[in-house]
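Take a look at this one chain, the form predicted on its own, written out in structure tokens.
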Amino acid sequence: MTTTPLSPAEHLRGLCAGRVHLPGDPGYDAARTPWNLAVDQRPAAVAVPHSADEVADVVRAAAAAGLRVAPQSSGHGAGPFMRRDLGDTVLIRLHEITGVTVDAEARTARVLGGTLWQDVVTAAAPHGLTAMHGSAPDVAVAGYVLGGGLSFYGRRHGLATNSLRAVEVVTADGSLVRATADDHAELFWALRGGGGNFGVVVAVELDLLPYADVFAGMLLWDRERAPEVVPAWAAWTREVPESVTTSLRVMSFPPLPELPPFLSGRQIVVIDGAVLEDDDRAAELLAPLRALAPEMDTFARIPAAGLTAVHMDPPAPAPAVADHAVLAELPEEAVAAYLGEVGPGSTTSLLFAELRHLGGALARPAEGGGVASHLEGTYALFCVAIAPFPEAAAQGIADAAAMCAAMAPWTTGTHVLNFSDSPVDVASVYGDRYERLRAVRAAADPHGLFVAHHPVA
């Protein structure tokens, strides 16, 4: 008689109270599926822990079995795994480790590793506080802050990763470490912008912002107005103070009945964001854009928790492909190149091509900040296409790449990791900080156990 040897992943069965799924198990497909449904990640196993202790058990067992470990919360940023073989990797899904504890006096929140931003802003709101969240309410906090974190509070307050006070992380030997500016300081420095290269983050402590409400909203025009609106916004952004953080998108929607009439089947231009001023000053700053007679204008004083809905990000998981670049400037020639790809008459497959205004505090190194203490560049370009089938994905990738190629003369060569759908050359992102980052990785994970979206060699 002969017996078939167990696969390495079989040694993990029974962990997490049975919530470890291997290929062929009934729960495997559901557990491995990220928010970005275009990413067909097929790991050796998927573990769904409910505590930091269970995370540590999985990390130790995976290492003993000769497997690697990839942490993932919501899976919004799973794009880089689209092109990676995870057959030797245990995917640790953290979406069931959630919870928020707010210390109103200290203006901080302790957030468990799989928690979504909507839960943080909801918990902070009764105290007149909010957080440096992203533009979507269902993005997980941990992945966002580890990758930098661009917020509509960003030009005033900088990258969200610098709001971290502490990171609780399970390291390669299965230890639970609380890294702060005083304890495990080098690891703390690397985690703030270095992504998932150093362990599995099971909780973070972050500073909150003292905003109970904010002047925010959107302006909307038909895409036929883009040749007028886009250059006006570009010129406007060169003059506005750091209290203003906005984005501009040219968007194309299919005629779907579930969409509201102002979006269904429409090609539009949208400017949205936040103005951290009183109402009169905000109105004064917005006046040049309002003079362009948008067909919709929702800018008003709203509860701070409502800012997560302003950007109209998809409310449910969707298949998407994307490309991205950071621009040093946006002169008239760059505006013309942008409009050449998505302006009136364009047949691009892109759902949207976004220009997000950077600069201000985002561009200044934060005192005592992490490896991503600031972001060089003035605009972030982010292109997304819906990809429900392979041909649509291929077309979307080509159209997004075409936009980035058209804007190449004005790019910086660096990236916003949260926006990068493919693994990037992180050495080009971190520059002279990269060797220090490699040294921290070598000390924290000497055998390369952890698989990150953007790996540090």
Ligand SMILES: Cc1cc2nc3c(=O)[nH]c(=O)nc-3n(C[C@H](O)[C@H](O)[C@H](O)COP(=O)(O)OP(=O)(O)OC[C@H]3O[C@@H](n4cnc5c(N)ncnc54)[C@H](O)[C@@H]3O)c2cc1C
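This structure is a prediction, so every number in the text was calculated from the model and none was measured. All residue numbers are counted from 1 along the displayed sequence.
Quick note: we don't show the form predicted together with the ligand, though the next part is all about it.
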property	result
Contact at Ala131, Gly158 and Thr161 by the ligand in the predicted complex, all three, heavy atom at most 4.5 Å	no
Stretch in contact in the predicted complex with the ligand, which is absent here, among 214-222, 249-257, 73-81, 267-275 (heavy atoms within 4.5 Å)	73-81
In the predicted complex, Trp410 touching the ligand (heavy atom, 4.5 Å)	no
4.5 angstroms heavy atom contact with the ligand in the predicted complex for Arg356	yes
Gly377 within 4.5 Å of the ligand in the predicted complex, heavy atoms	no
The ligand contact at Val121 in the predicted complex, heavy atom, 4.5 Å	no
Heavy atom within 4.5 Å of the ligand in the predicted complex - residue from Ala109, Val90, Ala142, Val321	Ala142
Residue (of Glu96, Asp313, Glu341, Glu242) lying close to the ligand in the predicted complex, criterion heavy atoms within 4.5 Å	Asp313
Any residue of 10-49 that, in the predicted complex, places a heavy atom within 4.5 Å of the ligand	Trp35
